[in-house]
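Only one chain is shown below, in structure tokens, and it's the form predicted alone.
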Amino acid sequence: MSRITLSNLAHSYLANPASDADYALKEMDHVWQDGGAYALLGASGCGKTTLLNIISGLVRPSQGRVLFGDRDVTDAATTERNIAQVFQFPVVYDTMTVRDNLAFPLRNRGMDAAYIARRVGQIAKMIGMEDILSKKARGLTADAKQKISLGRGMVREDVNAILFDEPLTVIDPHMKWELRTQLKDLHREFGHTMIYVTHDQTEALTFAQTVVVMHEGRVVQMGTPEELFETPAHTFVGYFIGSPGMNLFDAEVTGSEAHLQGATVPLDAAYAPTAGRTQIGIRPDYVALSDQGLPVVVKRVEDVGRHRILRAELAGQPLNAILPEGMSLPADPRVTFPAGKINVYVNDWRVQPTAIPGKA
């Protein structure tokens, strides 16, 4: 296992990139700790797979370095990096049995037969295939073949890292939760460095200790699921994480107040004068509906089972709020925001307050 360092890294698929827009990956400096469980999360086309392929050695970056521990592997071939990679679509040997597919990486490295049998048994149990180890891969469903790919990626214990590129795409929905849980169990047991690429926030938040959110080729935040939810560093993180995503309102912030077209929202801290587009953000989960506060115009209420979602407008801007099941709407609906749950953004980036009341 290794700490992975991305130093001054950037990549363009053009021979002579002339501007920032020509780069699929914008310049970044990040350290991925040895033994960490990371998820690369973002919309399609944001650069997740490009970054994963640079780490694995399938793509050489246009600039910067990749280090495993203290070793510079920027120009090292994939085979020299001692990694395992599981791709979006299953890659298996159809003429081999499930057992031989799982054993192949170990036999290729001359491991002891008894160890191979024991390790294959462990992995087969984890992916639920111990009863069909003698069955040929040919004829198995895509779902079953991807489980073989997952197992083959995890069968080695000596790898620097295991890289997963949207590995559950072809897995039946009822199996996804179980496999994510098993991957987490494997990480806890063996401590591999794992990097998991996905566009599914549920997969990312339930698998990873640290989620790396990407947007338009840039890492906009690395943090725990709680940090991404409570203090999104970028408006994209606020929008992308959560269902519904964070409410964002254009506002003028002066000191410890935000002004929205006639409505004033108190903040729990003072902010310096802002230059650029200023917004405040609050999660729908923290919007409180009552007969006091800021007036809203109700558009509709959607029942999603565990709760309802209020779709409304505040000062002419869209607002979403989570309503407990069974809660009735007041005749004159109004909302309040807990001051401690409001984030302030300037040109999409979260800004820190200049002063917090009660703190020196």
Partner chain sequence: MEKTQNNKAWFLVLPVLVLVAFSAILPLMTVVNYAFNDTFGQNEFFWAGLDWFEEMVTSDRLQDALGRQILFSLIILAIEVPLGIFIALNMPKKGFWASFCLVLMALPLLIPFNVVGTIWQIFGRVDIGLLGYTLAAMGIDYNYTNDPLDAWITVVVMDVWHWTSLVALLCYAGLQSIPQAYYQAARIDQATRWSVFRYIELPKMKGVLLIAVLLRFMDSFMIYTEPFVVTGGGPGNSTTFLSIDLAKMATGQFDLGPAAAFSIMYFLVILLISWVFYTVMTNLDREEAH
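For clarity, a rigid core is taken as the largest C-alpha set superposing within 1.5 Å between two forms. Numbering follows the first chain given and starts at 1. The structure presented is a predicted model; accordingly, all values stated were derived computationally and were not measured.
Only in words, not in the display: the form predicted in complex with its partner chain, which the text now covers.
Visitor: With the partner left out here, if you bring back its partner chain in the model of the complex, are 243, 286 and 331 all within 4.5 Å of it by some heavy atom?
Guide: The answer is no; none of 243, 286 and 331 reaches its partner chain.
Visitor: Name the single residue among 182, 274, 82, 122 that comes within 4.5 Å of its partner chain in the model of the complex, judging by heavy atoms.
Guide: Looking at 182, 274, 82, 122 one by one, just 82 meets the 4.5 Å heavy-atom criterion.
Visitor: Looking at 62, 56, 50, 320, which is the one with a non-hydrogen atom within 4.5 Å of its partner chain in the model of the complex?
Guide: Answer to the contact question: 56.
Visitor: Looking in the model of the complex, any heavy atom of residue 71 within 4.5 Å of its partner chain?
Guide: The answer is no: residue 71 has no heavy atom within 4.5 Å of its partner chain.
Visitor: Can you check whether residue 115 is within 4.5 Å of its partner chain in the model of the complex, heavy atom basis?
Guide: No, residue 115 sits far enough from its partner chain in the model of the complex that none of its heavy atoms falls within 4.5 Å.
Visitor: Is there a non-hydrogen atom of residue 147 within 4.5 angstroms of a non-hydrogen atom of its partner chain in the model of the complex?
Guide: Residue 147: no, not in contact with its partner chain in the model of the complex.
Visitor: Quick one: does residue 259 come within 4.5 Å of its partner chain in the model of the complex, counting heavy atoms only?
Guide: The answer is no: residue 259 has no heavy atom within 4.5 Å of its partner chain.
Visitor: Given the stretches 107 to 115, 201 to 209, 250 to 258, 168 to 176, which is the single one in contact with its partner chain in the model of the complex, using a heavy atom cutoff of 4.5 Å?
Guide: Selected range: 107 to 115.
Visitor: In sequence order, which positions of 150 to 184 have a non-hydrogen atom within 4.5 Å of its partner chain in the model of the complex?
Guide: The stretch 150 to 184, when checked against its partner chain in the model of the complex, contributes 152, 156 at the 4.5 Å heavy-atom cut-off.
Visitor: Verify the C-alpha shift of residue 136 between the shown form and the other one: is it 2 Å or more after superposing the core?
Guide: It does, since the residue 136 C-alpha is displaced 2 Å or more between the shown form and the other one after the core fit.
Visitor: After core superposition, I'd like to know whether residue 251 moves between the shown form and the other one (criterion: C-alpha shift of 2 angstroms or more).
Guide: Superposed on the core, residue 251 moves its C-alpha less than 2 Å between the shown form and the other one.
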